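Alright, here's a single protein chain in two forms, structure 1 and structure 2, each given by itself as structure tokens.
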Structure 1
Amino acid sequence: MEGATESAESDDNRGRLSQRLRRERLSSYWFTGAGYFAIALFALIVLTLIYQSLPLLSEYSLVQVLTSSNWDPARNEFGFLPAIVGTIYVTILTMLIGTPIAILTAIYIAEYAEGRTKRLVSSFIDVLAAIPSVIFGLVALIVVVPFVGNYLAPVFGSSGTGTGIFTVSLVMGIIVTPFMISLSVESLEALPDELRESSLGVGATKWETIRLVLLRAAGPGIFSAILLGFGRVFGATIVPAMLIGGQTRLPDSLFSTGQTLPTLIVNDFGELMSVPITQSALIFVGLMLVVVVWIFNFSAMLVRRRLQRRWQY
């Protein structure tokens, strides 16, 4: 009698065990699938973009498309040069504006601020990162655009309504900072305190410590933050679309209107979706964006590794 209950119990246990193992097996397929999903999604995006760009590339050569400055889809002229030049202008100018602000703010948060001020400023930065960029664009339309149009551009001898490459860069310079700040703060704060102590101990001033020791030691992290910021600006869509003026011509000054690669898509996709070759041209823009951002990411990773080896402390 007793033996019977025991075996029933062990049957029960075995049943529960096999159920657990079955669940384990099934879930392991699911999780492995989820792991592969990230790769599959990336592959699917890139392959789709390549496949859809083929019609354009089979009719025009790559060099021709990239170096021609005639953009007139209605006449089947696809020259990406104005948009490429516009993108490069905006990206470089944004980084020139944003990087010093970002690094200095990161230094302030990591090295100068203390206690409540520090918590307050860093949570401000977090909030800034979460504000949708379309809101920056909207506020810029009534604050930055008139300022640039009425005051700044005339000083440099250009006339215009205030929309243009410089305005976009100014606004993007702010949008991209929170992201670079938090990455830089992270790498500064990861440094051991002995580093600061020993530098101050040999008589360096605080600024010398920061510039000669800390920025070097945190260099790899800050550098990859800057490169990733580059990628951000490069693919920014909504703010440039609102503020750049949307004219596909080679910009003649920093205050002139222009076009970037993402805004090319925004401005032309709606109407020209039905024309296959134009559609292919715009998808090719998407492909260019992905490839360049991918290169940025990859080099950020490599540079980080190399600098880590060289700037050891």
Structure 2
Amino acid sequence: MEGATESAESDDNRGRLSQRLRRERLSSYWFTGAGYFAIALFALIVLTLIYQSLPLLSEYSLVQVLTSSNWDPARNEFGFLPAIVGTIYVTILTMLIGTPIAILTAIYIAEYAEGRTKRLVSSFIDVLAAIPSVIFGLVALIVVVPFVGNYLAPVFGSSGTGTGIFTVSLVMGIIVTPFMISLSVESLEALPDELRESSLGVGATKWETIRLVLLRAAGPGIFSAILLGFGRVFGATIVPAMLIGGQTRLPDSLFSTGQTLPTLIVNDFGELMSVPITQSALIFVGLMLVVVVWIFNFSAMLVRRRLQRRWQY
């Protein structure tokens, strides 16, 4: 009787184990399928963009479209240099404005703020990150544009309405900062307390501990936060479209109006997509955005791995 009971329990255990193994195998298939689906989707997007860009590249050389500053689709002139320069200006200036603010704020929240103050500042950072970009654009049209046009630009000898590269960069710096702060704070707070105690124990001050130990240990995470900010700025559309002025010409100062690659697509998409060669030109702009972001992310991944190996704690 006991032997029969043990045999039944053994069969039951084998059945449950077999069921768990089946579920695990099925889950593995799903995860593998999802990974290959993501790769296939990316390849499909890139191939579509390449195929749709061929009409433009069959009539104009790559060097010609990348180095020409003449953008006039009505005359079949497709020079992307002004939009490329505008994109580079906006991205660099935004990161120069946003990155120091993000890192210093993250250090304050993670290492200095305590109790209610820390919760209050962190909650405001989260709220800022959740506000839609178009709201920042509307507020900037009312507040930032008149301030830049009437007061700031004249100080540097420039004139204009206040829309332009500097205004876009200033507003985008505010938009991307909360994301970089949140990720940087997580990286700093994830460090073990023993790291801080060891540094303070050998006589280092708190600032020396932050500068020489914590920032190095959290470096890969902070670097990833900066990359996220770069990606958001490079592909930003609505705020640059509202504030940059929409002039496809080479900017002669940081307060000049201009154009970025995403705004070039947005501004000309509706009325010009019916013309095949112009449609191909705008799709080529999308291809450039994808290629640049992919190259940057791949390079950043290599740099991040190098930092992780060098700054191990």
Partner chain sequence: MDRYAKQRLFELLARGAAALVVAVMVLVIGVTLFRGGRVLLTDPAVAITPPGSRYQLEADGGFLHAVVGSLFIVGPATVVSMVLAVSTAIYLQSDYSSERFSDAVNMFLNVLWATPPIVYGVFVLTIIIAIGARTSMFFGIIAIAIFQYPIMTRYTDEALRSAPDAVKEASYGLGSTRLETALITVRAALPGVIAGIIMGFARGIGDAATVLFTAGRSNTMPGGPFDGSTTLPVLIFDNAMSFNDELRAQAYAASFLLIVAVLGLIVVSKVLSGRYARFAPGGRNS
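Rigid core (definition): largest C-alpha set, two forms, superposition within 1.5 Å. In this text, all values refer to a predicted model and were calculated from it rather than measured experimentally. Here, residue number means position along structure 1's sequence, counting from 1.
When you get a sec, tell me if the form predicted in complex with the partner chain is 1 or 2. Of the two forms shown, it is structure 1 that corresponds to the form predicted in complex with the partner chain, while structure 2 does not.
Pivot point of the rigid parts between structures 1 and 2 (hinge, one of Val46, Pro251, Ala241, Val293): Between the two rigid parts, the hinge is at Val46.
Looking at the two forms, how many whole degrees does the smaller rigid part turn against the larger between structures 1 and 2? In whole degrees, the smaller rigid segment turns 19.
After superposing on the rigid core, how many Å does the CA of Leu41 move between structures 1 and 2? Taking the core as reference, the C-alpha of Leu41 is shifted 2.8 Å.
For Arg20, tell me the Cα shift between structures 1 and 2 once the rigid core is superposed, in Å to one decimal. On core superposition, this C-alpha lies 12.0 Å from its counterpart.
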